[in-house]
Ligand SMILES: C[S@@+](CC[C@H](N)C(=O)[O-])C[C@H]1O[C@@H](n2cnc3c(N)ncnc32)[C@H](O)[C@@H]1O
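Below sits a lone chain in structure tokens, taken as the form predicted alone.
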Amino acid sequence: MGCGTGYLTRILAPVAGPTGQVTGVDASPAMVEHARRRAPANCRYLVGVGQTLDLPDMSFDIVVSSLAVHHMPAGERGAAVREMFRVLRPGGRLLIAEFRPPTGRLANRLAGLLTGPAMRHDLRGLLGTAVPEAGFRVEDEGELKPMLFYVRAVRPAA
């Protein structure tokens, strides 16, 4: 979700193998077109938003969202996490990686000047509650230096 240029989907394609498929979704038609031009055979790309995925229920084994949730309107981020839950099969896995603002005042100011609004909000609290509220069982969460955090979860089997 939020595949952008398709960089991560191309990395995941060999992991899915020749019989697996990787689907990238992005709101930007230009990004999707860029991704399609570089896609391996087992990748497909769709224009859409994470809050209302045009994908069947329980149709994916894994959902990955890397540096995309912060681009969504604040009031719709919970809906996006619920959509991730909806499209995952029971036992399916979720990984969300997002920006983590620096803790120091100067570093935080500098990051804000360099990245704009992307680093102004800390999504750890939101994702820490939205993921379990959507029905996921959180397996792990943590920080990756210098400015990332992640949540890894699973959709319970039943």
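Since the structure is predicted, the reported quantities are computational estimates derived from the model, not experimental observations. The numbering used is simple: start at 1 and walk along the sequence shown.
FYI, the form predicted in complex with the named molecule isn't displayed, but the following is about it.
Asks: Tell me, yes or no, whether Cys3 is in contact with the named molecule in the model of the complex, where a contact means a heavy atom of each within 4.5 Å.
Replies: Heavy-atom contact with the named molecule at 4.5 Å: present for Cys3.
Asks: Is Ser66 close enough to the named molecule in the model of the complex to count, meaning some heavy atom within 4.5 Å?
Replies: Ser66: yes, in contact with the named molecule in the model of the complex.
Asks: Decide whether Met58 counts as a contact residue for the named molecule in the model of the complex under a heavy atom distance cut-off of 4.5 Å.
Replies: Met58 lies outside the contact set for the named molecule.
Asks: Using a 4.5 Å heavy atom cut-off, state whether Gly48 contacts the named molecule in the model of the complex.
Replies: Result yes; Gly48 sits at the interface with the named molecule in the model of the complex.
Asks: Sort through 24-32, 127-135, 37-45, 85-93 and report the only stretch with a non-hydrogen atom within 4.5 Å of the named molecule in the model of the complex.
Replies: In the other structure, the partner sits against 24-32.
Asks: For the stretch 74-95, return the residues whose heavy atoms include at least one within 4.5 Å of the named molecule in the model of the complex, in the order they occur.
Replies: The stretch does not touch the partner at all.
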